[in-house]
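Below sits a lone chain in structure tokens, taken as the form predicted alone.
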């Protein structure tokens, strides 16, 4: 059965980006090893430790769709039309889709998280849906739509920046025991949501 999973690289002090939306210090683990992990795009081939490479391959194979917010879509310029996962993308936005956006076959623009999860679940089939946006993950968790949280925990303290779950409307949220995979420069943690507020 497919799941809706929030996944981010995060600093030890809970940030997923620096104050300028920079992520360089949080994604170094994707280039810290000898095992090559290709993606759906030529510009994003990773080189990881064996443990992280196995984790990444398994994760990528299980994903059938991705949900993001408009802010991340704009920052990445829509990944040039193809996300490294190579799956359909659902963008949650209160603005209209860019008028000249040519990639309508793989990108869907929706107005809310419920609609986004429904569209992404349909597109994913029996595979998982990944939520790659702090605000959208928070909204999904508040709406009871998130099944799991996967954290790529990076041993750095950013001190300030964008927090992942800073503005939850409904808390506390209880998680189960983690699955733990140790990589180079990262610890991969997977938690199932067990109880929502």
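Positions refer to the first chain, counted from 1. In this text the structure is predicted, and so the values were computed from the model without any measurement.
What comes next is about the form predicted together with another copy of the chain, which is not displayed.
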message: Is residue 176 near another copy of the chain? Define near as a heavy atom within 4.5 Å, in the predicted complex.
response: yes
Since only the chain is shown here, I'm wondering whether residue 163 would be in contact with another copy of the chain in the predicted complex (any heavy atom pair within 4.5 Å). yes
Just to confirm, residue 17 within 4.5 Å of another copy of the chain in the predicted complex by heavy atoms?
no
4.5 angstroms heavy atom contact with another copy of the chain in the predicted complex for residue 58: no
The listed residue (153, 132, 48, 145) that reaches within 4.5 Å of another copy of the chain in the predicted complex by any heavy atom is 153
Counting only non-hydrogen atoms, the one stretch of 63-71, 124-132, 165-173, 34-42 within 4.5 angstroms of another copy of the chain in the predicted complex is 165-173
Restricting to 169-191, the residues within 4.5 Å of another copy of the chain in the predicted complex through any heavy atom are 171, 172, 173, 174, 175, 176, 177, 178, 180, 182, 183, 184, 185, 186, 187, 189, 191
